[in-house]
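For reference, the chain that follows is the form predicted alone, supplied as structure tokens.
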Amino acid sequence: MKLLFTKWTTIAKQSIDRAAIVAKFLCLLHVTNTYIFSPTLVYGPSMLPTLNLTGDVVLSEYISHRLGKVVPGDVVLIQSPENPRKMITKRVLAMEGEVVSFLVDPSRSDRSRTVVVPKGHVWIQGDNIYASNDSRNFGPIPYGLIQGKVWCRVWPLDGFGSL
């Protein structure tokens, strides 16, 4: 009887040890995916030709924007100012205090407008100005809506590399 009890105790200890390893791995995966970097599927016409219409998988890192390391030219993930449940991918064109001139409706007229980006905001635009809903439509966005910075494209493989 004692031998059977010892055997079950050993199995229980091994099971707990393995469950602890799995739990630690899942915690590490969660922290990495939430606070360091994660893969993101990006699709749609607004970032053509930089990103594909049918979808690219990019690695987005979540540290730079928290340290204030976002600069004009960076491609960023942003919580949509129009729909908070949606993430959008755009390029930062200007930071606070900078002056931006843009075409109001490039497909219909040459009318332009000039705006100064207010403190704590950034100006974002898609690379495809004809098919992008961006700061030209909803104005400068608060810096706090930036969720991450696109680091590199990982899929499709022929487009692998930094943006």
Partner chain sequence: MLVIFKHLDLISQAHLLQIPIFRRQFSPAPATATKNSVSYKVQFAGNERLKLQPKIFLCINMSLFQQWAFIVKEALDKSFLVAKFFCAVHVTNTYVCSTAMVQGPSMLPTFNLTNEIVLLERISTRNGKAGTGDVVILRSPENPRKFVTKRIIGMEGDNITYLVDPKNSDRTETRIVPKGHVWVQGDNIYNSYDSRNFGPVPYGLLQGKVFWRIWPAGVFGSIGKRPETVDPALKVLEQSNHQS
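As the structure is a prediction and not an experimental result, all values here were calculated from the model. Numbering follows the first chain given and starts at 1.
Not pictured, yet referred to below: the form predicted in complex with the partner chain.
Colleague: For the interface check, one of 33-41, 124-132, 104-112, 51-59 should have non-hydrogen atoms within 4.5 Å of the partner chain in the predicted bound form; which one?
Modeller: After filtering at 4.5 Å, what remains is 33-41.
Colleague: Can you tell me whether residue 99 touches the partner chain? I mean in the predicted bound form, with a 4.5 angstroms heavy atom cut-off.
Modeller: Because no heavy atom of residue 99 falls inside 4.5 Å of the partner chain in the predicted bound form, the answer is no.
Colleague: Even though the partner chain is not shown here, does residue 73 get within 4.5 Å of it in the predicted bound form, heavy atoms only?
Modeller: Answer no; every heavy atom of residue 73 is more than 4.5 Å from the partner chain in the predicted bound form.
Colleague: Give a yes/no on whether residue 151 approaches the partner chain to within 4.5 Å in the predicted bound form, heavy atoms considered.
Modeller: It does not: once the partner chain is placed as it appears in the predicted bound form, residue 151 has no heavy atom within 4.5 Å of it.
Colleague: Verify the contact flag for residue 155: yes if a non-hydrogen atom of it lies within 4.5 Å of a non-hydrogen atom of the partner chain in the predicted bound form, no if not.
Modeller: Judged by the heavy-atom cut-off of 4.5 Å, residue 155 is well away from the partner chain in the predicted bound form.
Colleague: Only counting heavy atoms and a 4.5 Å limit, does any residue of 120-158 reach the partner chain in the predicted bound form, and if so which ones?
Modeller: Read in sequence order, the residues that approach the partner chain (within 4.5 Å, in the predicted bound form) are 120, 121, 142, 143, 144, 145.
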